[in-house]
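Okay, so here's just one chain, in structure tokens, the form predicted alone.
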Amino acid sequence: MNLQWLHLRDFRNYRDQKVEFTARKTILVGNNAQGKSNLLEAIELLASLKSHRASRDRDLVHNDHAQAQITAHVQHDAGSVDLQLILREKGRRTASVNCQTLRRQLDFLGQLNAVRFSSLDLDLVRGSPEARRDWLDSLAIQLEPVYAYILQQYNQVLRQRNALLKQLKQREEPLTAHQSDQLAIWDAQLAAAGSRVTRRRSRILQRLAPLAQLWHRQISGETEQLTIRYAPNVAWSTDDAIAVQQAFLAKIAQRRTAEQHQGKSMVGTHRDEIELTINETPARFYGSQGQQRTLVLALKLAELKLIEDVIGEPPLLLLDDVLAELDPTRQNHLLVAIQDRFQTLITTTHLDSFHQPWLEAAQILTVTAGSIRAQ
């Protein structure tokens, strides 16, 4: 796929800016806080409907404006598509495909695929289990857009169940028949929704792990062995919906007293972990930042390959000021891997990190205070 142009209106620090992408590689150069990452963030929103930098749409709208607009034209092997996302300071966002407003925003997913790599991705290694779950869920949504709906269902059930458990917290009297029935209903729904989430997470990691291990061996010079293991909160061995649901219900029964005492759900996929180990040592405790960057780089290259295999087209690659953080060996592995196969947008504060052949082949755009011009 190829992002041919992008138009931003009142998005972050952009007032009215259209950018045409004329090469497979585009380098966005400029000082910090000029808008380079904002442009990549807009593309990320088109791909996932999420921003890793903001949780509220109002934070994405330019000061003193009611709404922001992101419009793009994407060329696929099978044809082209026009995308538009309107973000409002107050109110619900609007998503459109080929000028048709979508009733469900989830139907917008899958029109554009992208993999982002920035220094923040080191949280995949040294951050919380939530960071790794979010990463895996974001990948799952790109591979199978319906997963966004499945995850949404699970989170809705979890919120409702937690609300009930909070009411029942530390209750001295036995539950009434009505309360027991209510809890049983939410138990069953959590088990059903959790089964759909955990089985999909497991399948994706089974496909991703060999790709990441291959890249990791190459980048580390065959000196390190990466292991990726899915550690679900509810253990299961057979990929069967009924069997996994029964495993959920059995563990919920075991933790019933503790859940009522804590007033929250202590069983479920919201407590899953993705374990990353290098040479049998947890990666978050292992070696230098350089070695942790090797792991993250291997994961990102594996993402690119897996999305390409599943979707049938190479996704976009968004590199947010990351080359300066990689040593020459890791830079070379990255640049050789992507070549011209993936349309790549790279932000940087200077061009010294790039070899001359790259500079000659790339479109170079200068970003200054929300304004973009070609060099």
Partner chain sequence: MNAYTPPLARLIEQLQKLPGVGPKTAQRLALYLIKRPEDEVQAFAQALLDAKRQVGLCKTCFHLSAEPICSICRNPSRDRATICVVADPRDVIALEKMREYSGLYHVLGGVISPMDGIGPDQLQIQPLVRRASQAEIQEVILAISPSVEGETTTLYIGQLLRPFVKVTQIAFGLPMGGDLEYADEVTLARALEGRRELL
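Residue numbers count along the first chain shown, from 1. This is a predicted model, so every value here is computed, not measured. In this text, the rigid core denotes the largest set of C-alpha atoms whose superposition between the two forms falls within 1.5 Å.
Below: the form predicted in complex with the partner chain, not depicted.
No residue of the trio 207, 219 and 355 has any heavy atom within 4.5 Å of the partner chain in the predicted complex.
In summary, the region of this chain contacting the partner chain in the predicted complex, judged by heavy atoms within 4.5 Å and restricted to 275 to 283, 149 to 157, 89 to 97, 119 to 127, corresponds to 149 to 157. Although the partner is absent from this view, residue 263 stays clear of the partner chain in the predicted complex, with no non-hydrogen atom inside 4.5 angstroms. In the predicted complex, the partner chain sits within 4.5 Å of a heavy atom of residue 189. Although the partner is absent from this view, residue 240 stays clear of the partner chain in the predicted complex, with no non-hydrogen atom inside 4.5 angstroms. Proximity of residue 104 to the partner chain in the predicted complex falls within the 4.5 Å heavy atom cutoff. Though the partner chain is absent from this view, in the predicted complex it lies within 4.5 Å of a heavy atom of just one residue from 182, 71, 233, 292, which is 182.
Residue-level contacts in the predicted complex: of 258, 175, 253, 163, one residue has a heavy atom within 4.5 Å of the partner chain, and it is 163. Heavy atoms closer than or equal to 4.5 Å to the partner chain in the predicted complex belong, across 342 to 356, to no residue whatsoever.
Relative to the superposed core, residue 178 undergoes a C-alpha shift of no less than 2 Å between the shown form and the other one.
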